[in-house]
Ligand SMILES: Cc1ncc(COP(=O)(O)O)c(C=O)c1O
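Take a look at this single chain in structure tokens; it is the form predicted on its own.
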């Protein structure tokens, strides 16, 4: 039995949609992107959505907006969790802001006590991550942000469809990012999305992803002296656009998303029941909230984890460390000498954690096989 971290979720329906797009001759960002953005926003109960070429690009544009829209200055501080993907944090540094690293809790999300400790007069924003499908403690974080006048942004790249009090992630902060990479809840092969309820942000994000031009923006009415407003630029920008081809795939995938999430949740429920016999720690999740990106396990020691990580391949089970572990142990952040709180839980995740595959192609039989295989390996290790 071969169990992969990523399975091919592209069916004949997506292939037909891509071929139809190719035959149309309309490949670059156009009507299909517009349609996908509208339907994604509706699905997520957000007012607006902006498609880009990756979740990392979505984070880049959101960090850009901290300066462009909210007026943050060089050296202003942004709170981040220490367990995340690097491209949650890179854009903060690339825009001359300072990431302030906090520890995480047993849900692998931002630890509230650590967050409170690390707030300073220079703290202006929080880049919250909902890790591996599980929402962070949104109510407490929003309360602190309101008290301290902090801007809240959400990285939902691993948590598409996750909810808190019936509200989908991405709708708590001023903006939320999503990844549509090949191995995620749904895919456009490569792609990302930003959601927001602010029309001003929506308008600025669309311009920023396309060179900073005013094409398609009501801002063009501010420039009556310019004749050709399709090639008028009034802000800094990037080229982070996606294509109609990616959007065509996304429109098909979006129709399947609810069912895919349902399968992942059933898998996670079965996993939690099965893994109990091994007396190992797991990510603390709320099955009424999570959309289960993967199945995370914490072993008793680093040596035990390393042995399992190295040996699961013998059973044809793919596994990996949890996200990028504690980012503070990554060479790039060591070299930058970033500011951080103490991070004992992030260290446990870094040195003792792995995650196993979960997707719409996993079932109870495969979960039983994975857990039984780990049990066999633990017995071998402890001999």
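Numbering follows the first chain given and starts at 1. As the structure is a computational prediction, the values presented were derived from the model and not from experiment.
Unshown form predicted together with the ligand; subsequent notes refer to it.
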Ok, 295, 169, 129, 205: which has a heavy atom sitting within 4.5 Å of the ligand in the predicted bound form? 129
Can you pick the one in 250, 133, 81, 191 that has a heavy atom within 4.5 Å of the ligand in the predicted bound form? 191
The chain here is shown without the ligand. Which stretch in 300-308, 90-98, 226-234, 151-159 comes within 4.5 angstroms of it in the predicted bound form, by heavy atom distance? 151-159
So in the predicted bound form, is the ligand close enough to residue 184 to count as touching (4.5 Å, heavy atoms)? yes
Exercise: residue 56 in contact with the ligand in the predicted bound form, heavy atom 4.5 Å: yes
Test of understanding: in the predicted bound form, would residue 179 fall inside 4.5 Å of the ligand by heavy atoms? yes
Contact between residue 213 and the ligand in the predicted bound form at 4.5 Å, heavy atoms? no
